[in-house]
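Presented below, as structure tokens, is a lone chain in the form predicted alone.
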Amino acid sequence: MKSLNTARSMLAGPALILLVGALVPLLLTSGFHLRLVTIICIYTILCTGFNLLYGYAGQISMGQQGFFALGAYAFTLLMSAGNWSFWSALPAALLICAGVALLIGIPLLRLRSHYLAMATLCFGLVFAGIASRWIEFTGGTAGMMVPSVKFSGHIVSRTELYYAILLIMVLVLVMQNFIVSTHMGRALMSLRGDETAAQSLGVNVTAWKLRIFILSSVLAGLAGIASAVVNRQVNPSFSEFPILVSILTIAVVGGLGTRYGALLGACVVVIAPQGLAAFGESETIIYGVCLLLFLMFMPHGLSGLIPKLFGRIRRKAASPAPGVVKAGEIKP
């Protein structure tokens, strides 16, 4: 019975998301709106890895944008320069992300807190510099065009691409729920609490830190590949600071250490600027003030706010109306 309830908790939310996501293209009126929803899915994949790494394991990495760009560049180079097919370039690019994460993770994960954050930030800055200056290999600031994705000779349309990315996002959420619901999630949360205590309880701290760092890097690379395919190009902006700002903003708005905080935060971060564009030059100020209010009054993000609202609604529904006497009570 317990395993059945665990399976339901892992699959119920992603199944509902998949159902709603499948209906979204039928309700949209333009390709621009479809693009926005696709970007939400991409950011959800990217920030789910960050959520596992920082929200659950407590390991702050400021270099996720570097792996986001690494996946996109590796995939594009394998397809364009290496003439690899999509189905071979995709796993190869993810393996490259995993290999680089392993290579830099072994020395960097000896660090903690802000030292780890600064070290991983350096990786992102180094990759951004390489992407901008190694013109013969990366195309410099102009970037590179990404070949169209074909399946049996058929060029995949934007709607079909959206459904593919939606399915990948749902599978990533299922994987996250599985990790969180099992002993792996307990091991990660023990790292967030106290690494010394976790070690004394038999948790292999070094191994788990490296595993979750590699997994988050692979998910960042997967999101970068999806973004490159959607945009039909890759350039140094994939590894620059605005991507990191978006990751941190989504984490704050959605809620760290929650199952669906990445999705909720991505919805707000992608959609909100479209509504604030009407305010012109004041857009940035309003956006910043809203983020500050989130930090002050909703430290657990939307994922912490929504359960509270539903709890209040249930309590109000359960409370008797004025003048109604509960069973066993005597009305004075």
Partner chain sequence: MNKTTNQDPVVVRNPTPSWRAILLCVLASMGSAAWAGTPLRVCYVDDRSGVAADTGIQSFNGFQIAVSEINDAGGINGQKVEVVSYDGKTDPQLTATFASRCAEDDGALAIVGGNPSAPAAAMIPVASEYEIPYLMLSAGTDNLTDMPAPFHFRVGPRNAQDAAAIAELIARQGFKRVALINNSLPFGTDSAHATEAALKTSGVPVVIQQTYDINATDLSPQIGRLRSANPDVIVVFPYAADGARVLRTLQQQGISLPRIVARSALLNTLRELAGDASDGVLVPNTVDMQRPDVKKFFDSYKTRFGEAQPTMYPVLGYDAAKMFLQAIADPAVQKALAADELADARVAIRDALIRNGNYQGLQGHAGATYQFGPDRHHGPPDQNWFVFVQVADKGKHLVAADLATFKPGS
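Since this is a predicted model, take the numbers as computed values, not measurements. Positions refer to the first chain, counted from 1.
Separately, the form predicted in complex with the partner chain exists; it is not shown, and the next lines address it.
The partner is absent here; in the predicted bound form, the one residue of L36, I60, L291, M298 having a heavy atom within 4.5 Å of the partner chain is L36. Proximity of I286 to the partner chain in the predicted bound form falls outside the 4.5 Å heavy atom cutoff.
Heavy atoms of T141 reach within 4.5 Å of the partner chain in the predicted bound form, making it an interface residue.
Taking non-hydrogen atoms only, Q233 approaches the partner chain to within 4.5 angstroms in the predicted bound form. The shortest heavy atom separation between Y162 and the partner chain in the predicted bound form exceeds 4.5 Å. Heavy atoms within 4.5 Å of the partner chain in the predicted bound form are found in one stretch of 116 to 124, 97 to 105, 73 to 81, 130 to 138, which is 130 to 138. Applying a 4.5 Å heavy atom cutoff to the partner chain in the predicted bound form picks out P242, I243 from 239 to 257, in order along the sequence.
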